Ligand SMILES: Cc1cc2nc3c(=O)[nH]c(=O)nc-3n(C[C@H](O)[C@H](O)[C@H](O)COP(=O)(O)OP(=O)(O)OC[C@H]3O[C@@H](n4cnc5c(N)ncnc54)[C@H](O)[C@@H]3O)c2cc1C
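Consider the single chain below, provided in structure tokens and representing the form predicted on its own.
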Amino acid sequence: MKLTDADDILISGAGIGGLTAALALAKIGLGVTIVERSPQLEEAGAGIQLSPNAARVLVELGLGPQLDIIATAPASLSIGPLSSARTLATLPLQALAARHGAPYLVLRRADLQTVLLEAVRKSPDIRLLTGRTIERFTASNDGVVANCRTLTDQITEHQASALIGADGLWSAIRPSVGNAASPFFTGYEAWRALLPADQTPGGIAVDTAEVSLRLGRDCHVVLYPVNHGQFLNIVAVQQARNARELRTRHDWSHAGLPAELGGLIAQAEPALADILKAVGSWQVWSLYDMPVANMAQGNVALLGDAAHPILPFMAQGAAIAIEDADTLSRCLAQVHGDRTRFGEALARYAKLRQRRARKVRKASRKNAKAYHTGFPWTLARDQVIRLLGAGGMMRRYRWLYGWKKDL
């Protein structure tokens, strides 16, 4: 099948960033085709935090009512040591949301993708083509022509005025924008699980009003409720046992053996240790990093992890991809649908997002060191957290959560 009618935008990848970009672009009147290699869209992972900078974008896309149904707005974030139940500081998330004019939400990644997919499928200006992989493409000032292979080895041709690579960490689009950066394994792994609330041990209640961050030596744990308290989302980040030997590995996720969390569990205070022991099935994600480099060249641009994977020490990976989608649409709106100026718009988008992504990446890497430091440096870290308190933390991260628009 040959598609002769050129679209305005071709997007490679139907993850959270790609789907959000399609909705944002359709909102400004552009025609979009999304090409996704997977035949069925099933979001991996467990829970996700949507801070005001990201939630604002989704609400403005008209998804607020759907988010109200699937998401929880926790009242606070508590920070404390892994080894005890004491709290160093509490950040009032609902007050944070009120200050920045957008909610702070926690939910299942699969539920968010479902909402985005439903909106995409309802849009008359978006086509979603699954089970297709972009094998090669040519880009010029006139646009992009891409050849895609289907699961039955048929080749389809797609013409568009611009191509957006939202195809993740191992992006096939990245080299075409002159981005020679390659993801590298950091040595850390994120262990993720969803524990049904009725399976929490010893009658421990799932606090539907709180996100909990517990800091340990070379590790940390994050817990928060999803599905309105029906599940407890658990993320445990620790250094891989054989990290040095795995520096060049390219695997993304695999099932985890609970015994490999033994060192982390041994650090945890009893109630939290019991929760971690109650998990029967873990999925492990290798954490990769990559410097922020070129994000656009001509009529081709990158978005999300394809451009700038963000370590999860600020819960901003998906949020920054959602911001990318918003800025992309606004830059293209500025050229008023003039296809001859799409390259100009993408260059502006890249410049704006490089600056933002570098700042978030730097802050996340800084948090990684602070979260996982050992004694005696923990004494200074904990004292800083106590002295900052709620007010200090809200001021410190105003630049992050208060983001509204790049333009």
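Predicted model only: the values in this text are computed from it and were never measured. When you see a residue number, it is the position in the sequence shown, counting from 1.
Another form exists, predicted in complex with the named molecule; not displayed. Remarks below refer to it.
**Student:** Which one, A321, A160, A296, L332, lies within 4.5 Å of the named molecule in the predicted bound form by heavy atoms?
**Tutor:** Flagged contact: A321.
**Student:** Tell me, out of L128, A172, A278, M290, which residue has a non-hydrogen atom within 4.5 angstroms of the named molecule in the predicted bound form.
**Tutor:** If I apply the 4.5 Å criterion carefully, the residue I get is A172.
**Student:** Report yes if any heavy atom of L328 sits within 4.5 Å of a heavy atom of the named molecule in the predicted bound form; otherwise report no.
**Tutor:** No.
**Student:** S38 near the named molecule in the predicted bound form, any heavy atom under 4.5 Å?
**Tutor:** Yes, S38 lies within 4.5 Å of the named molecule in the predicted bound form.
**Student:** I'd like to know if S176 sits close to the named molecule in the predicted bound form, meaning any non-hydrogen atom pair within 4.5 angstroms.
**Tutor:** S176 lies outside the contact set for the named molecule.
**Student:** Does I48 reach the named molecule in the predicted bound form if we count a contact as any heavy atom within 4.5 Å?
**Tutor:** Output for I48 is yes: heavy atoms within 4.5 Å of the named molecule.
**Student:** Have a look at 132-140, 266-274, 180-188, 73-81 and name the one stretch with heavy atoms inside 4.5 Å of the named molecule in the predicted bound form.
**Tutor:** Heavy atoms within 4.5 Å of the named molecule in the predicted bound form occur in 132-140.
**Student:** Considering only 101-124, what residues come within 4.5 Å of the named molecule in the predicted bound form, judged by heavy atoms?
**Tutor:** Counting only heavy atoms within 4.5 Å of the named molecule in the predicted bound form, the single contacting residue of 101-124 is R109.
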